[in-house]
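Just one chain is shown here, as structure tokens, and it is the form predicted alone.
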């Protein structure tokens, strides 16, 4: 009966005819709060204004009960100035009046105004503190949020599960394990460790701080799980580089009867991107379609990235072209620009950006980062510098360290090493190791051993344990046949106990990932692979391939150098793929480091001799080998 009355009254409100049924409202004043809540749920402003008008006419607008509910409706519908006006005219405000206004301003992004109201409050309750603490942490003022939490405790207010959840998220934002552990201790003393909100926030805190085992333990000890708990665990595994574990937990989640939501899908699609497991990525794409989630921007963006990182650029383009809704979302446009750039399609990336501008979409710093990256990997130096200029002058965007690094890469790849160094030293922000290593890599490419030594010194001032810098410097010196300098670099590595990151390559076969490492004979088919590799190299030599033994960075005899080259991880991976896939089947190899010059040349010959498309993803980009050539040309 009550629900019928509420629905009929809302209908009258919508039609502007509510004055015909005033008696029913005043005989059931509790209906007003329910009516207003329904108006908020339906995002209907006009009925709220109708009710407000009636309360003024009836002389009830200054009643706290009615005023608070009206103000709450206005605040939640984004009519903050109306809510503020009501608040200012209230002769008798209470704590709820202040809390409603604080919550409204925070919801609408006006944290500063909310804090001003909070500071002027005479009396507060726990909800007042919770709202402002949560607001500060939501807008990433984590230190301030934690300080306010301490003040709350000092003033005698006991935090509840919502306070603790917010504070733990603040510790996660700061990656402050010490403070997070202290809050964990408080949670244990308060008996809130089994609350779903607190437990999930605590696990998130540990995982963001890199303490994966502790985070997993918190989730496992929770007596009841929900989707949020599963999402926390899966996202934490992804953030800590455990992509395989994230996919395992995703499967367990489904087996336990939980339905994945958009947060779950984004995390597991990211796992497939990291592992480059195309088969599993395609399965999850199917599940996204079945769940009706193909209009969610974050999922579409993740799918574009996943297909791109699995070597399937055409599938990335298909997801972008067939997107449902969100046609004007700059995140998706930036994602497809990045996908083209990652595959060395700089001109196509620029065309997408031009389309974006024609359609009046606002590019952001991510868009320009993708454009600069695309230009640097396609030898489009002048165009890249134009975009950097456009970003600053037309779009008024402040470049970040990654944008500056891309410009260094543009100049370095073009051989303008001195100009690149001057650019770094003139940057308004302090260069990091990646910026200097970008130039060091260019020194290696252009065989400038003297500059390489100088640049390596800059890197080692910042991070003396950076193994990649030692390796780049050593390789540059070896290319110049400066074997004594190579020995010095390697001696320095030994003295500082710096270990070179091993080169890994992997290939997915029937949803199983096969890993290859140079010198590692543990693969069950190693002997067959070794024999096949020898035959393959002999066949390539008949077609003109000559091993570049100058790339072997040790002073050893020719036979040993050639053996080392043959057993690079990417060559072993492609041999395994050729042995286990049908003729004409495209091969996709993933590698954790840059592909060396000799392997790059060898892949061209393999694609020609075996008539295969070979796609190699290294630490920098994709290389598409077809018919004896590579899509990246000389800019890889």
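Numbering follows the first chain given and starts at 1. Here the rigid core means the biggest group of C-alpha atoms that line up within 1.5 Å when the two forms are laid on top of each other. Only a predicted model underlies this, so the values are computations on that prediction, with no experimental measurement involved.
Beyond the structure shown, there is the form predicted in complex with the DNA, which is absent from this document and is the topic of what follows.
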query = Is residue 79 close enough to the DNA in the predicted complex to count, meaning some heavy atom within 4.5 Å?
reply = no
Contact label in the predicted complex: residue 266 to the DNA, heavy atom within 4.5 Å = yes
query = Would residue 505 show up as a contact with the DNA in the predicted complex if we use heavy atoms at 4.5 Å?
reply = no
query = Counting only non-hydrogen atoms and a 4.5 angstroms cut-off, does residue 373 reach the DNA in the predicted complex?
reply = yes
Listed range touching the DNA, judged in the predicted complex by heavy atoms within 4.5 Å, from 449-457, 400-408, 488-496, 343-351 = 400-408
query = When you measure heavy atoms, are 201, 235 and 432 every one within 4.5 angstroms of the DNA in the predicted complex?
reply = yes
query = Of 121, 294, 515, 196, which residue is found within 4.5 angstroms of the DNA in the predicted complex when only non-hydrogen atoms are counted?
reply = 196
request  = Quick one: from 144, 140, 520, 329, grab the residue that has a heavy atom within 4.5 Å of the DNA in the predicted complex.
outcome  = 329
task = For the stretch 335-356, return the residues whose heavy atoms include at least one within 4.5 Å of the DNA in the predicted complex, in the order they occur.
result = 335, 338
ask   = Is residue 589 one of the residues whose Cα moves 2 Å or more between this form and the one not shown, with the core superposed?
value = no
